[in-house]
Ligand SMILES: Cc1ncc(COP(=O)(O)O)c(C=O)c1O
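First comes one chain, alone, set out as structure tokens in the form predicted on its own.
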Amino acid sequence: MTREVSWEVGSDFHWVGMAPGPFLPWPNPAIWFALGRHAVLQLMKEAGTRRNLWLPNYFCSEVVQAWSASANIHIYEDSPALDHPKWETLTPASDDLVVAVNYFGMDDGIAWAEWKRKHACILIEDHSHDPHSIWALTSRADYAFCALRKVMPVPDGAILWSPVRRHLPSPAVSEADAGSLEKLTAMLFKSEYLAGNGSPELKEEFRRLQLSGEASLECAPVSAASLFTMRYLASGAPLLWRTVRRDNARELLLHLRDWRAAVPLHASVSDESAPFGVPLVFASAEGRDYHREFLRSRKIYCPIHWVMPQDSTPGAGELSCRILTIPCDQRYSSTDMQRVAETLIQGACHAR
């Protein structure tokens, strides 16, 4: 049974075929893991003793929970709404691990570099939102990692490297488990669904596989990236995809320049930046939730980076309730961005 081509924006990646060159190389040497959280877990494992791990209060709670079993978690204040962390809340000892996050890949890292020169610790940077940002390319951190599956169409995959050539931990012995295969199958099914092929139940099936595969990966022990991911990304990150992300973000911001229902977290996108999404901050949680549901009803699926737990600090919780990320990655065209912007504007009109 063949249907009309389906249009939607957001949610998990679908299979897009072989990646186009030219490519931006990955750091070398680098260790490949199934998940970004595995990279830090392996660092802590090789340390041999339970370590203090400093994390920003605005961070993925599921990852915090995964690391808490292996480290003593300490929290400092930082979020994408701040120009830099509140340094007075970050007081590590010299052998403590500190995770710095490049939110949406939009920070240049200068403030962190200046702080690190004055403070002894083991600095680990999270470049999952853009592994080729200016900060990632000029980093002098002890370690850096990137969950590649956040910005690349792969079912699993993350890399760990040391910008200052520190010793890297041993790679994981086991490969990504069956969860990776489930997610890859979901990617293939979603590609067919978007092309208008298959039965009406195909969307339900690939969503089931996406959720099941993700749950399986999150419960898996420290693992290496799947053979599929390592082969698919062996040449590096396609330069074209990075360019498309940057241009799409600019296009969306242009169409929303006179829109007042929310404020872009970043007013502009530099030539060196390539965000996977445009974060918007609404005046209230109710306004954010209304627009998110309005977009969802029009097949535009927008994530929240991130949903904070109820006991989170006031600043993190308040931002979490009002932020919404509009996807603008390489799957989409300028026409798609115009359609998304028009839908947002339409949603604001309906709310009046």
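On a predicted model such as this, the values are computed, not experimentally measured, just so you know. Each residue number is its position in the shown sequence, starting from 1.
The following text describes the form predicted in complex with the named molecule, which does not appear among the structures shown.
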Taking heavy atoms and a 4.5 Å cut-off, does Phe294 contact the named molecule in the model of the complex? no
Please run the contact check for Ser128 against the named molecule in the model of the complex: heavy atoms, 4.5 angstroms, yes or no? yes
Might Ala147 be said to contact the named molecule in the model of the complex, defining contact as any heavy atom within 4.5 Å? yes
Please run the contact check for Leu53 against the named molecule in the model of the complex: heavy atoms, 4.5 angstroms, yes or no? no
Go through Val63, Met308, Ile31, Leu319 and name the one with a heavy atom inside 4.5 Å of the named molecule in the model of the complex. Val63
Just to be sure I understand the contacts: of Ile326, Ile323, Leu43, Leu35, which is the one whose heavy atoms reach within 4.5 angstroms of the named molecule in the model of the complex? Leu35
Listed range touching the named molecule, judged in the model of the complex by heavy atoms within 4.5 Å, from 84 to 92, 196 to 204, 149 to 157, 231 to 239: 149 to 157
